[in-house]
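Next up: a single chain in structure tokens, the form predicted alone.
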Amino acid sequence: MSKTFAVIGDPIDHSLSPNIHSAAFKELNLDCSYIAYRIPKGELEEGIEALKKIKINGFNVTIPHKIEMMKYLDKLDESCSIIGAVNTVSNDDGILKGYNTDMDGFLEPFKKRSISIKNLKVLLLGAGGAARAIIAGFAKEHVQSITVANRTIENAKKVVEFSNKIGLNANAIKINEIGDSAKDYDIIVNATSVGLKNESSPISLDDINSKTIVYDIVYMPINTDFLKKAKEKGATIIYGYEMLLGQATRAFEIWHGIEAPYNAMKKALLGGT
């Protein structure tokens, strides 16, 4: 019995998910297909009804639907309710259950490297869509504290409030106030969109050293200026594509109940590089 999966959002044509999941199906000889399905803002309800009609087995949710999608779910897993957004849905005979794989996807590269992040100090750049999932992940792993740096301090404060509420000590600063204090942190995460267009690093990394872990969630280009600067200092680097793969493998496992073929999915994503 053939199964169908999808990614929904708008815009959707740049999505890498169809490639990644199709490679996984091929690797494991699964009779499944994965499509990109554009649902414009304001048309989510009709879009979901259409997906239910074709008996979609599961789908990923991207911008702009990750929060609104919560309204149409019959069940929620814990990560979903904490983060307040959904990015993966399973359809079990018309019962839609929501998950958020951003948190596990974000933590996966640390686990793959066997890095314990307990009691470490974190600097998070950006307070946008991914920030809450990242903070939930850090809270789960019991980091010591987190500083959220953002251009607009109001947005940073909202995220800090969320962090303190789930038990992770946090504070907010403006991104231009960091100056040369990057060296005071064990982990620095770029969750802004700076780097997507090859812009230079959002902060100075001149004083960090090989003990610092530097993580960029931007996955295209693979080597952002932020990561290049970190590499020059001998820091441990985590690439954005690793988070993307972590999310995708987690979604795969939710839908299929078997281990995802990580290497085949990685190859599809990186085009064999």
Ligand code: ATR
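Keep in mind it's a predicted model, so treat the numbers as computed, not measured. The first residue of the shown sequence is 1; numbering continues from there.
We do not show the form predicted in complex with this ligand, though everything after this point is about it.
If you check this ligand in the predicted bound form, you find a heavy atom from every one of 127, 151 and 155 within 4.5 Å.
Checking 162 to 170, 68 to 76, 193 to 201, 102 to 110 against this ligand in the predicted bound form, the stretch whose residues place heavy atoms within 4.5 Å of it is 193 to 201.
Looking at residue 50, you'd find every heavy atom of it more than 4.5 angstroms from this ligand in the predicted bound form. Although the partner is absent from this view, residue 222 stays clear of this ligand in the predicted bound form, with no non-hydrogen atom inside 4.5 angstroms.
By the criterion of a heavy atom within 4.5 Å, residue 63 is counted among the residues contacting this ligand in the predicted bound form.
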